[in-house]
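The chain that follows stands alone, in the form predicted alone, written as structure tokens.
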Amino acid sequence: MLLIGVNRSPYTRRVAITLHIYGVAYEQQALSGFNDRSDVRARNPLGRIPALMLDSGETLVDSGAIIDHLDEAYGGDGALTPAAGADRRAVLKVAAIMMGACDKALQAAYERNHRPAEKVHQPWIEDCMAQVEAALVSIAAMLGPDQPYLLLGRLTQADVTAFVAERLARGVGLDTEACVPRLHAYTRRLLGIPAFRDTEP
């Protein structure tokens, strides 16, 4: 199995963490959607990471679709995203909010770093970052002081996506220690788990 993408990407890293948690052996080709566009397009016509090449030769694209396959193939009764019902909806809701926060953080970063200086629209950056912060605040509110995981009393995809979103938010300049201290401390605790620690970019 071959994972295409760099772990600086929250989308790639959530797949890498999931593979580790499930104990799936894989190799990784550290290609960037920006710097290695033609190579990435050979796996995904959109030129986006991640892509996952299965041993069968099939290539999966989009982190959500890849994780859905990994849950089905390797998750069993302990799948990171429950198979059905209210538990599934709860995990998917957190994952959607956190991946939406990642989308907004990257839009803000793109506006700041890739547009000509005279065309940068600061109000757009501020609006994106306000959305990121609001999303993180909403998830931080779910954490009790002695709560080891966000939902269901166990590790789920909610934890994985909260981890990658908080990390990205810090990377684009949000002081999560100040604005969401409980979530900041919680993601630091998750680094004690090998799947999170061993996927550090």
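What you see is a predicted model, and the numbers here were worked out from it, not measured in a lab. All residue numbers refer to positions in the sequence shown, first residue = 1.
Below, we refer to the form predicted in complex with a small molecule, which is not included among the displayed structures.
Enquirer: Could you tell me which one of Leu150, Ile49, Leu52, Val132 places a heavy atom within 4.5 Å of the small molecule in the predicted complex?
Expert: It is Ile49.
Enquirer: Counting only heavy atoms and a 4.5 Å cutoff, which of 41-49, 155-163, 172-180, 141-149 contacts the small molecule in the predicted complex?
Expert: Within 4.5 Å of the partner lies stretch 41-49.
Enquirer: For His69, is any heavy atom within 4.5 Å of the small molecule in the predicted complex, or not?
Expert: Result no; His69 lies far from the small molecule in the predicted complex.
Enquirer: With a 4.5 Å heavy atom cut-off, would you call Leu106 a contact of the small molecule in the predicted complex?
Expert: Contact check for Leu106: yes, within 4.5 Å of the small molecule in the predicted complex.
Enquirer: In the predicted complex, does Tyr110 have a heavy atom within 4.5 Å of the small molecule?
Expert: Close contact exists here: in the predicted complex, Tyr110 approaches the small molecule to within 4.5 Å, heavy atoms only.
Enquirer: So in the predicted complex, is the small molecule close enough to Ser9 to count as touching (4.5 Å, heavy atoms)?
Expert: Yes, Ser9 sits close enough to the small molecule in the predicted complex that at least one of its heavy atoms falls within 4.5 Å.
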